[in-house]
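Before any questions on binding or motion, here is one chain by itself as C-alpha cells, the form predicted alone.
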C-alpha cells in the first residue's frame, strides 16, 4: 500500500467514525425524548393536547427509526439491537433528555410536571431545527436527505411548543414562575445537548455539520425569539456529558421500560 493510499484509508476510517457518532446522537436524542413524551399519554392537560402530543411523539420516534436505519445501512447492526440492546454507557443522547417527567411512574401515581415538559420540548425542538438545517448541507448525502425529510414535520412540532411557552409565560403568575424555574434548571443541564462529544473536530473538518459554537449561537438566537429574557448564566452540564457516555439512573429506568416488551421475546414480529 502506498503512502497516499494509506492516508486515504485513514481518512475514510476517520470520516466513518465521525459520521456514525453524529448519527448515534441524532437517533438517541429522538429515541429518549419521544419516550418521555409517550409517558404523558392520557395525562396531558386536556384531550386536544393528548392527541397532539401523541402525534408529535410518534413522529419523533419515526425520526429515531430513520437514523437507526441509516446506522444499520452503515453496518452498525440491526435497528432493534441498536435501539434496545446497547448499554447505557454507549448511548449518546443529551442527559437532559433522559430526565424523568417528575415523581412516581406512569402506572402508579405519576406526579409529572407540565412546566418541565414544555421547557424541555421547546428547547429541544429549537435545537433540532437548527441542527437539522445545518445537516441538510452535510457532506454525507444520505444523512442530508433524511434531515430534509424530518424538517418537513419538525417545524410543526416546534410551533406547538412555542405556543405553549408563549401562553404560559404570559399567563398567571404561578404559571410564569414555574416555567421560569424550569428554564433556570434547564440552563444548568442543557449544555451537553449542544455539543458533539469526542468527534466534534472531525465532524466539522469533514463537513458533516457546522461547528459547535456556530450551532450554539444559532440555537440561542432562535430561543431568544420566544424568550427574550434568557438566564444570564452560561449553559451548564450539571450531570456531565451524555455525548461522552455519561448518564444518570433516569436513563436506566427509561431503557428498561422501553425495552421491556422487546426483551420479552426478541424473535417476535411486532
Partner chain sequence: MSQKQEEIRAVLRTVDDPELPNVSVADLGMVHDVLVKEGDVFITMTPTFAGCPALDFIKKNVKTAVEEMTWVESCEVHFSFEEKWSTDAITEEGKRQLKKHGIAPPPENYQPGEEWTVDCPYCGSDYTSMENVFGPTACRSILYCTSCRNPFEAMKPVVDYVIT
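What you are looking at is a predicted structure, and each value in this text was computed from that prediction instead of being measured. Numbering follows the first chain given and starts at 1.
The following text describes the form predicted in complex with its partner chain, which does not appear among the structures shown.
J.: Does at least one non-hydrogen atom of residue 87 fall within 4.5 angstroms of its partner chain in the model of the complex?
T.: Judged by the heavy-atom cut-off of 4.5 Å, residue 87 is well away from its partner chain in the model of the complex.
J.: Can you work out whether residue 160 and its partner chain are in contact in the model of the complex, taking contact to mean some heavy atom pair no more than 4.5 Å apart?
T.: Close contact exists here: in the model of the complex, residue 160 approaches its partner chain to within 4.5 Å, heavy atoms only.
J.: Determine whether any heavy atom of residue 52 comes within 4.5 Å of a heavy atom of its partner chain in the model of the complex, and answer yes or no.
T.: Because a heavy atom of residue 52 falls inside 4.5 Å of its partner chain in the model of the complex, the answer is yes.
J.: In the model of the complex, does residue 227 come within 4.5 Å of its partner chain, counting heavy atoms only?
T.: The answer is no: residue 227 has no heavy atom within 4.5 Å of its partner chain.
J.: From the list 62, 231, 245, 211, which entry has a heavy atom within 4.5 Å of its partner chain in the model of the complex?
T.: When its partner chain is considered in the model of the complex, the option within 4.5 Å is 62.
J.: So its partner chain isn't shown here. In the model of the complex, which residue out of 82, 186, 146, 179 has a non-hydrogen atom within 4.5 Å of it?
T.: Exactly one listed residue reaches within 4.5 Å, namely 146.
J.: Counting only non-hydrogen atoms, which stretch in 96-104, 116-124, 146-154, 189-197 is within 4.5 Å of its partner chain in the model of the complex?
T.: Result for this chain: 146-154.
J.: Enumerate the residues of 126-147 that have a non-hydrogen atom within 4.5 Å of its partner chain in the model of the complex, in sequence order, or give none.
T.: Stretch hits, in order: 129, 133, 136, 137, 145, 146.
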